[in-house]
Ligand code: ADP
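In the block that follows, a single chain appears as structure tokens, in the form predicted on its own.
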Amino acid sequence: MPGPSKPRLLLLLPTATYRATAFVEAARRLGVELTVASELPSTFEQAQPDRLVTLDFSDPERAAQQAAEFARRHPVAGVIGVDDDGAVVAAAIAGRLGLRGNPPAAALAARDKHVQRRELAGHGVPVPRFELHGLDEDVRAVAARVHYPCVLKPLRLAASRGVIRADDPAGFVAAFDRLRRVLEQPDVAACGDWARRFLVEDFVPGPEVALEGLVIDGRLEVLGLFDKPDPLDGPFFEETMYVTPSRLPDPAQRALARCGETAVAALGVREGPIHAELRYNARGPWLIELAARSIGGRCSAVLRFTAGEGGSGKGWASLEELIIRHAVGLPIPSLEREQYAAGVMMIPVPGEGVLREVRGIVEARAVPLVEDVSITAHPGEALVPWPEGSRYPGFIFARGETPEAVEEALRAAHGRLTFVLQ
């Protein structure tokens, strides 16, 4: 007598993403059938119709209809969007197929910074004072009346692309000109009306942290709280290091977690991963951004969880395994993070130019506590610094007994790398 069929996961993967391998490996370890949905057709789609499908990511409702047609042939147990746009599409698909997911309005609020600010402020979540402006406004008139220091940011770009601090009217005009050039780049300008507007908000001082969580039936489970040891005070906001557990005092960590819980409730997020950026100062926690997806890039490799029975066989489970289990309705043995401290360095872009080679990789990997040095940029690739850029040339991972030791190892490994640019 045949056994029960394996649950099928519909994974929304844009063609340009770091995230594919981690999710594919997690699905394989869990024995979950995987169908990858992309916005561009694959030459292998006809040969593997149950493994690959093309969806219109630009139109969530159309994508939901396409997913429903696919699901009639190949029943789907869960859907996951790995990036910000995919999270909105996943919400529409989950609603259409009756799967575990977020209301579309919640996914959109997590996607659009202005919509999110309005919702959070309306529910009493501490957020910086903000204003919405358009690229067609008189920039000098705007600069004369905003509060300083302030931050200009696009409504929907990720990884701090286009985010710039201004300390006075002259700095505001310069920041606006630079942001405008980012928003007028073809890949952004084609994205719709939001690319003609931008947010201006008060700069919030204090250390910044990242909160990784999983929302289960509307309840936020905090999976990790990361310190960002390098100050993010501007004028640009390229992130470098995430280290967990946080070294902030316990009362501050509890307040940050409560702020995250309040934000989840305010936006109406019901199910799935969230990644939030918060700051903390003498006035308490501040919610800077909340995304209805997991941590970006390859940074998820930092997080490992007690596997429990039925784990990965490695003694621990990955973040992607927890997310997949939740999406398709498999039991989650544990949400407890391993006891070791861990961290990742998103290798800073060393300058503008074409990458020729990276030296010192072997030496960097030999630094005690360093687990891996992954160079994702390839020779011949153009490297673009922030705020115009948004892609890191690689990642360094370390694990050890204390956050301090992990941070030291990451800095030492980075010091052994040399990027040769033309």
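Every value quoted in this text rests on a predicted model; they were computed, and no experiment measured them. Residue indices: 1-based, along the sequence shown.
Heads up, the form predicted in complex with this ligand isn't pictured, but that's what we're talking about next.
Contact with this ligand in the predicted complex holds for none of 216, 324 and 335, as no heavy atom of theirs lies within 4.5 Å.
Heavy atoms within 4.5 Å of this ligand in the predicted complex are found in exactly one of 181-189, 244-252, 69-77, 148-156, that being 148-156. Comment: this ligand is not present in this chain, but in the predicted complex one of 302, 266, 295, 163 has a heavy atom within 4.5 Å of it, namely 163. Think of it this way: in the predicted complex, this ligand has a heavy atom of just one of 202, 167, 221, 131 within 4.5 Å, and the residue is 202. Mapping the unseen interface onto this chain, residue 261 falls outside it, with no heavy atom inside 4.5 Å of this ligand in the predicted complex. Taking the partner from the other structure, this ligand in the predicted complex has a heavy atom within 4.5 Å of a heavy atom of residue 288. Though the partner is left out of this view, residue 232 does reach within 4.5 Å of this ligand in the predicted complex, counting heavy atoms only.
Looking at residue 85, you'd find every heavy atom of it more than 4.5 angstroms from this ligand in the predicted complex. Contacts between 353-390 and this ligand, taken as any heavy atom within 4.5 Å in the predicted complex, involve no residue at all.
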